[in-house]
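Starting off, we have a lone chain in the form predicted alone, written out as structure tokens.
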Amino acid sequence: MNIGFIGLGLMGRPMAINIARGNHTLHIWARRAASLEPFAQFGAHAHVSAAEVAKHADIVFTCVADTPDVEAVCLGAGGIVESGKRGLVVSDSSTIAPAAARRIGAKLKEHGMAFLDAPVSGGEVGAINATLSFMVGGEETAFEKAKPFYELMGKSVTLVGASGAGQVTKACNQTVVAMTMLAVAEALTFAKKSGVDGAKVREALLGGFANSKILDHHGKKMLERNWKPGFKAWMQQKDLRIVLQSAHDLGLAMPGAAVASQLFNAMVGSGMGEEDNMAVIKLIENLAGIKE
């Protein structure tokens, strides 16, 4: 089958590679030519626009930075809408507002195409190891067509509901992730300020109800002072902005998410936007008067 993939960054590149390893014909486009180079070994066809990818594909996957980028590759000049055939399935794994996903889906439907909002959780490690979790919104027939390819990229695939439901689920995910990241950062800072070995504290907490993937994976990296980005702080900031804007539209109070958003705003504003979101512990330590 001819598969299109648009957006070959931190997450998109390994996702597309895992599709290519499934022996499918891959059609790709990215803004930076260097992003296309790793795909030569898979015989992928590089194109000059998203429209050219859509012309050759039965399904197109996209994974770009933010709402304007999704709108551009789907609906803009040189976008999918220009040449995608009727019946084309477009699956977007970017993190955008639920309302934006519904709007893009409605526009593509006018041209006979189906849109799935299919954001992921698992970070760069999950993308590389094909262990991502897909949370999908859209029509079931389109989902069933895309599902075998999600399974090449991830280990958990859930059709949550209608258009926009995938992005609602991702907003829930990012709320839990951000607040748990801060909880782990605060706990390890509390241990450090108290003169207790953070590694031993983490080991003890992993055996009880405080256990979580974030305490396990990110807590370890915090202790190792390993800031290599798997999910950058500016991305976390952007996702929390989506959460709070969507909550505002619903008239919903989310005080925990609001506090988390302010701390990630401060992190980005202090020049740490390109570091992993777990580096927020440095901000917490600074507030506690702890210097590296």
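In this text, residue numbers run from 1 along the sequence as written. Model, not experiment: these values are computed from the prediction.
A second form of this protein, the form predicted together with another copy of the chain, is not displayed here; the remarks below concern that form.
**Q** For the three residues Val160, Ala183 and Leu250, which mark the spot I'm curious about, does each lie within 4.5 Å of another copy of the chain in the predicted bound form through at least one heavy atom?
**A** Judged in the predicted bound form, Val160, Ala183 and Leu250 all sit within 4.5 Å of another copy of the chain.
**Q** Does at least one non-hydrogen atom of His111 fall within 4.5 angstroms of another copy of the chain in the predicted bound form?
**A** Judged by the heavy-atom cut-off of 4.5 Å, His111 is well away from another copy of the chain in the predicted bound form.
**Q** Please run the contact check for Asn211 against another copy of the chain in the predicted bound form: heavy atoms, 4.5 angstroms, yes or no?
**A** Asn211 belongs to the contact set for another copy of the chain.
**Q** Do Val259 and another copy of the chain share at least one heavy atom pair within 4.5 Å in the predicted bound form?
**A** It does: once another copy of the chain is placed as it appears in the predicted bound form, Val259 has a heavy atom within 4.5 Å of it.
**Q** Does any part of Thr141 reach within 4.5 Å of another copy of the chain in the predicted bound form? Heavy atoms only, please.
**A** No, Thr141 sits far enough from another copy of the chain in the predicted bound form that none of its heavy atoms falls within 4.5 Å.
**Q** Let me know the one among Val89, Ala187, Val81, Ile104 whose heavy atoms come within 4.5 Å of another copy of the chain in the predicted bound form, would you?
**A** Comparing distances to another copy of the chain in the predicted bound form, the residue within 4.5 Å is Ala187.
**Q** Can you work out which of Ala100, Ala146, Ala165, Cys74 has a heavy atom no more than 4.5 Å from another copy of the chain in the predicted bound form?
**A** Result of the distance check: Ala165.
**Q** Based on heavy atom distances of at most 4.5 Å to another copy of the chain in the predicted bound form, which listed stretch, 36-44, 62-70, 238-246, 49-57, is the contact stretch?
**A** Heavy-atom contact with the partner occurs in 238-246.
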